[in-house]
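Okay, here we've got a single chain as structure tokens, the form predicted on its own, with questions on binding and movement later.
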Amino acid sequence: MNGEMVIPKKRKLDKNQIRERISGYILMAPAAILLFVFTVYPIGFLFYRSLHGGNLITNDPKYTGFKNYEKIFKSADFQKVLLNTLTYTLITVVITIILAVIIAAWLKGSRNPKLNEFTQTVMFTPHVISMVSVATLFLWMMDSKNGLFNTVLQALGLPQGTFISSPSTALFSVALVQIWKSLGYYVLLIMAAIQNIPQSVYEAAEMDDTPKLRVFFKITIPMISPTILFTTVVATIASFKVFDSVSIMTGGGPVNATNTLVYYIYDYAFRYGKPGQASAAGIILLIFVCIITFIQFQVSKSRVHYQ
């Protein structure tokens, strides 16, 4: 061979193999086209628009480079909006997932089937109601003067709450609405994961007289960790996209206390007529979601146990 490397010849495909490949491409085409039209192209156009100025009716917006990004990061309002979004996400995700795990474990351990069915129905019902209806309902209940919550507190002789009328409590009040609406959905997901745990594992722990709290943390939590990771990622993305409740209940106020990234994008695009800055904020939102999701997967590598 005289030291020469022999490159194997490519094997020619027969007619059946060619037909199978063509069929595969044809079957993939609809999904690929939809992915491009509704995901790849919008992201590409969003980035393109973030590099241009002008307004919503400008036919030929002027190229400005990364000036829109510079304006955003130098803006104190955007820094406040980013902090609000991160705080809102932390509140909703942590409380929702913890409550969902606790309630799902309690329902699994309960031996009253009628109570379980009733509880699951009551908890899942808010998930199928539109956020507009839910936000409108809570807007009335949290009213500082004639709201249901303050009426009940006054009847009990307790101090009235400020809820959405105070900058110190408005963001947490809006977060509670999201928690109430989405909790039932995550409870059902985690319950399904708990029910898939082999009963023999619990029987072995019972034979060893293992305390229930230790069973919960050493058996239940590790075995449903993939579902907990999934629900955490989904809840995080949903929290970053919050818009309806903010728009209806507070309008970003009071004093910019509940303004979030998506509402900020809406303001700059349609209220202030600056689509370039709105597009730049949209790209930043996309990057933040990707980074946080990546971090969640990296952190979970040593903590998530796949069977």
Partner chain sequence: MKKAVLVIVAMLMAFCLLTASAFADDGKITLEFWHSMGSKTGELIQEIVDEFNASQDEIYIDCIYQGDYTTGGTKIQAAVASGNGPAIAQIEITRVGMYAAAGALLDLTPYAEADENFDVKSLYPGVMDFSYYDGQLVSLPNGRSVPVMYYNVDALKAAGFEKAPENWEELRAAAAATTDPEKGTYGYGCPIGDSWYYLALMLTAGGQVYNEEGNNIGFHNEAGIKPLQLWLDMISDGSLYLPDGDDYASNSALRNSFMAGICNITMQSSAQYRSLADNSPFEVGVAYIPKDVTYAAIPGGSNLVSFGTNLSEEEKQAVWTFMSYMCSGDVAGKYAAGTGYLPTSDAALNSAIYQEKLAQYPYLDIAVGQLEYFVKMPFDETYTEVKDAIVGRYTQEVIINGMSPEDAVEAMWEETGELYE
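From a predicted model like this one, the values you see are computed outputs, not experimental measurements. Positions refer to the first chain, counted from 1.
Another form, the form predicted in complex with the partner chain, is not on view; read the next lines as being about it.
The closest non-hydrogen atom of Ser165 lies within 4.5 Å of the partner chain in the model of the complex.
Contact between Lys274 and the partner chain in the model of the complex is found at the 4.5 Å heavy atom cutoff. Contact between Phe270 and the partner chain in the model of the complex is found at the 4.5 Å heavy atom cutoff. Residue contact check for Lys145: one or more of its heavy atoms lie within 4.5 Å of the partner chain in the model of the complex. Screening 135 to 143, 221 to 229, 199 to 207, 94 to 102 for residues having heavy atoms within 4.5 Å of the partner chain in the model of the complex returns a single hit, 135 to 143.
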